[in-house]
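The chain that follows stands alone, in the form predicted alone, written as structure tokens.
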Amino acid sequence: MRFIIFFLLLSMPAWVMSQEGSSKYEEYILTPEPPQSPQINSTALYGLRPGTPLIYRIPCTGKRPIKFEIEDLPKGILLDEETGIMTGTIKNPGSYTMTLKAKNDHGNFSKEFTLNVGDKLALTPPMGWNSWYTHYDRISDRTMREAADQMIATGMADYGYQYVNIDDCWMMKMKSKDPDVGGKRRDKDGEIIPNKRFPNMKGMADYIHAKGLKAGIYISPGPATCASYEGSYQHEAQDAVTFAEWGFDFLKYDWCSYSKVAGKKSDPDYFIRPYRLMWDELKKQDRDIVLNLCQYGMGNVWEWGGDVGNCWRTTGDLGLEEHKNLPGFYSIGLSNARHAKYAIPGGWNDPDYILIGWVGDAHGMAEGTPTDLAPWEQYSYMSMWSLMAAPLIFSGDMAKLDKFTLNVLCNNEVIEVNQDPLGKQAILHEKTNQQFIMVKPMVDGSLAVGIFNLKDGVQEISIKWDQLQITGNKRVRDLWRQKDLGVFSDHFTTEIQPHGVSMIRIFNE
């Protein structure tokens, strides 16, 4: 009887177990609370082009106020000691290594940090939030600003989340009679016109930047976006200038209607042309803009995406993926996993967003509801994305973040796997109908490993060191619970919940 009750709890959507005043969900929270003393959670490596403006908020948990300091701060960079926000420019290419320091009444912390000033951005996978799967065509300036506020207030920014990205529906809409979004789409000089829900795009970006965060925007290379709003076709250079002048730091470039103007598929440049065009225009700007190729894996984009962008979608929309025997993130993630060898610093396979918490139905662009993913499935989701060095872009409702969702999104040891500067994507091992294993080499010589249970029941799974091509005594650490499990000589065995994961890190002893 106890097993039946336990299984029913696992099958319940998150909201059933997270009602105010209920403690049922507490038992599923694995991530420990951060200490009151400072802990810097920045990546070790950050890319910047010469002469372009830097905005970087040092991600740091701990009881505020925290005082920040940087040893060997490069010339041209300033630090706000109270907020930990770095700003400025570096004119000369090179590698600038410094020590970030944080101090409060409970202790201090330091971490090495390197600015690589050159021609590569996104040296680790981008982290942030996107508006699409929550707000769809209801998005507004106010909602974007509130999302930035929530990124700070919830502590997500303290773990490295930094992009606040608007998706479709900020422009004027084709043939719309809605006074908010219908009307002239470009001015007499061809400059794109935001709809009335966005009265001041530069002001919105400035607001996001003032918090030490980054602003992202969206458009299509075609005449229209997927939701039939104005696209960039024949205005690519002009739009690149506009986006830079407004202050955007990220561009999602969505194929959508481009197929209507792309020409013949037999043309070897059919898939790459629009992305190369915008990539070349963005590189001319005096602002760093990360380019996300959203074209659903067409034309084997993983083979050439790194030449014309920083990350590229490898599949269709996760929000439209059918749930068969397993939730859709499994099929999307496993498809993305096949392209591991193409991921490198500055160029990442993108399996779409993290859809947990409150999310809307993509089929009808509906209002958000609590996820129907079981708790262990959500841990598996975040583990897969972290191991695959995927962009960690959350697309749930920032205004309805609960303790459990934040526990999944904000585990610094799990995120460290994603942000590892070696930039290797996990390789898929031992895939069967009942389980699979992902293995990711880390810069310090350790291995991050995800052991996934695909069964509807609890399963005991073992991994042998010879499977991983390692030998000898190894220290194993549980990353979700952030505790050492012991030293093992030739294998490791663990019990895993239905559709759950054991995410571990294996260190040389």
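The first residue of the sequence shown is number 1, and the count goes up from there. None of the values given here were measured: they were computed from a predicted structure.
One more form of this protein exists, namely the form predicted in complex with a small molecule; it is left out here, but the text below deals with it.
- Comment: the small molecule is not present in this chain, but in the predicted bound form one of 296, 271, 113, 198 has a heavy atom within 4.5 Å of it, namely 296.
- This chain is displayed alone, yet in the predicted bound form one of 218, 358, 275, 312 has a heavy atom within 4.5 Å of the small molecule; that residue is 218.
- Contact annotation: residue 252 falls within 4.5 Å of the small molecule in the predicted bound form, judged by heavy atom distances.
- In the predicted bound form, the small molecule lies farther than 4.5 Å from every heavy atom of residue 379.
- The closest heavy atom approach of residue 227 to the small molecule in the predicted bound form falls within 4.5 Å.
- Taking the partner from the other structure, the small molecule in the predicted bound form has no heavy atom within 4.5 Å of any heavy atom of residue 348.
- Stretch 218-226 is the contacting one of 328-336, 370-378, 218-226, 411-419, since its residues have non-hydrogen atoms within 4.5 Å of the small molecule in the predicted bound form.
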